[in-house]
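To begin, one chain is listed below as structure tokens, in the form predicted on its own.
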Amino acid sequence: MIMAPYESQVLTTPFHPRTSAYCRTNHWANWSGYTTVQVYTDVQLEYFAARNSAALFDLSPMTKYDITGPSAEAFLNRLLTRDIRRLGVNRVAYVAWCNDDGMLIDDGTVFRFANNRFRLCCQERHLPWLLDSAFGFDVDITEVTESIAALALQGPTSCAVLKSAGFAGIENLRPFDLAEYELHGASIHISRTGFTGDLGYELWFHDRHALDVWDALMEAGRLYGITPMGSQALEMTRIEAGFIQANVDFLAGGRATRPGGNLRSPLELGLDWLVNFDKGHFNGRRALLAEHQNRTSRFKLVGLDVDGNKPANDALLYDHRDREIGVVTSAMWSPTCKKSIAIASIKHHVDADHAGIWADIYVQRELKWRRIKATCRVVERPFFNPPRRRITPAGAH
């Protein structure tokens, strides 16, 4: 018996009949109200599929808003910190938006399908904020999360899989390009985007075609090592790529219960390149401009190379005088980089290159805790940045 959406506390994605069949671990989690796979069989196997062949990830719970109308561009330019007027048709842009205090509400991607037709994708649900921000604009905002199915196909052989499935010319898409294709009667938008920092694509289409598209990709990828990937493996790849994650590396605006110190501005997250002060007014511009001019940022986000092989999860950071200077927000042992890496938020005044940073790591083995003081070095992000991520035409590998 199929339950109606209002009868279940957690929804299933359009791919659930396939993802549940592949999920041997029965390891699920709630992502924005949807039950999603954490690990299908083995997190390491899924991770190495993303790095060595092709990994298929169910992206459907990503929150999606269609924004259309004569004022769509003007509205987005007012809402977002980036100058959307520069975004061409059939292109995608990484974006962020703030409250009036210049604190980050969320980040995400904007897809431009036509002059006055956009789609905003993000982690959290923001419809009330978007509707309030649209006051005075001739624009329609519709949440399409349930009706638009999405898959991320990531890894060195992802382009070869799509070509085998019948997407002719897919290799010519540049990073952040967007194109429309047809497969078995389904209209599919494919963007050369992803959250792994590798060669990869994201497919967007109506949910009624979900199972047909999944089956076509899995069949086309049989000779290319295609493997379904859960959220844990994706998390490993995004840390290696140096990407930040909402409610992990920063609190989304609606999540903070103590806004005074827990929220971050884009400048404090290394997203200053997303802030265009020359385009005119946008939400938070006055506060961000004051922060930029007066150098009042409280924090900065850095990449760390951590000594040893123990991930510095949630570790506090100290300088050579044992003064607390920050905290690790994301950490892992990187199988590809062969080192312990981390993303950390540290106090802005700290000279990160010469501070002598060390992490306070606690490791439990059989109910016994051991404290490790691991030396850290500030390094550039991304930690993993293969040339195939950008090369066009994309290689078959």
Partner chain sequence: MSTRYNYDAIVIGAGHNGMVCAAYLARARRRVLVVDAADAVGGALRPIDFNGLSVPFAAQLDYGLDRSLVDDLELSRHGFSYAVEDIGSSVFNRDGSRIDYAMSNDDTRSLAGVSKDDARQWPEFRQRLIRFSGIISDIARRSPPRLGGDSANARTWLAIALKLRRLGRSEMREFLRIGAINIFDVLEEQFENPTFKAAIAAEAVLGHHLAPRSPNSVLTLLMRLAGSQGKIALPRGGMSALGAALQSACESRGVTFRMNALVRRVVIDNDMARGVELDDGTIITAPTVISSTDPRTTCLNLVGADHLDTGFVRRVRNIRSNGCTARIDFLLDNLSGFAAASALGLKRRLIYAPDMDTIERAFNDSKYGRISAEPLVELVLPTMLDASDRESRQHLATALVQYVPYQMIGDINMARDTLLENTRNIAELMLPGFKSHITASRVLLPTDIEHGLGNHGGHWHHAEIALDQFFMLRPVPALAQYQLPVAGIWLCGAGCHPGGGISGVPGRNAAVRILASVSLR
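What you see is a predicted model, and the numbers here were worked out from it, not measured in a lab. Positions refer to the first chain, counted from 1.
The next section is about a form of this same protein that is not shown, the form predicted in complex with the partner chain.
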item	value
Partner-proximal stretch of 149 to 157, 109 to 117, 221 to 229, 129 to 137 relative to the partner chain in the model of the complex, 4.5 angstroms, heavy atom	129 to 137
Heavy atom within 4.5 Å of the partner chain in the model of the complex - the one residue of Asn283, Ser297, Ser71, Gln245 that qualifies	Asn283
The unique member of Arg78, His209, His189, Arg91 whose heavy atoms fall within 4.5 Å of the partner chain in the model of the complex	Arg78
Residue contact check: Asp215 to the partner chain in the model of the complex, 4.5 Å heavy atom	no
Asp272, heavy atom within 4.5 angstroms of the partner chain in the model of the complex	no
Heavy atom of Asp100 within 4.5 Å of the partner chain in the model of the complex	yes
